[in-house]
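Given next, in structure tokens, is a single chain: the form predicted alone.
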């Protein structure tokens, strides 16, 4: 299975929201600055995340995005699927038409692997990930750099 940029960026952006939950709405510009993901790409992803009821959009001054549910209740699989990223290791995306409309010799093997990957990602929540010491360290480094860039940009 190869997770595309879309899936990886969606998970990264949702982790950023989870790390900053409880501090009010987070703008996509903040996520973009910390995670080095283009703002226009984030806008596309968050449109899908909002439609999947994973985030709330708050309009107006001080607006931005917040998680719709606690980070303990949002799985990584939900995030990946919300941006239309298939969780499959099969060449045919699980359709069973990998060889001229029929299944190939290894279809069942890759299908079983896909099930295992889905189960794995379903069992991990945003909260599980952000509680890791390494993730906390990376987030602190990103926050420091983001604040420093703000100071430089706005003097």
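Fair warning: this is a prediction, and the values are worked out from it, not measured in the lab. Numbering follows the first chain given and starts at 1.
This next part talks about the form predicted in complex with the DNA, which is not shown.
Shown here without its partner, the chain carries 54, 118 and 122, none of which come within 4.5 Å of the DNA in the model of the complex through any heavy atom.
For residue 67, no non-hydrogen atom is located within 4.5 Å of the DNA in the model of the complex, even though that partner is not displayed.
Shown alone here, residue 72 lies farther than 4.5 Å from the DNA in the model of the complex, counting heavy atoms only. The closest non-hydrogen atom of residue 111 lies beyond 4.5 Å of the DNA in the model of the complex. When the DNA is considered in the model of the complex, residue 128 lies well away from it, no heavy atom lying within 4.5 Å.
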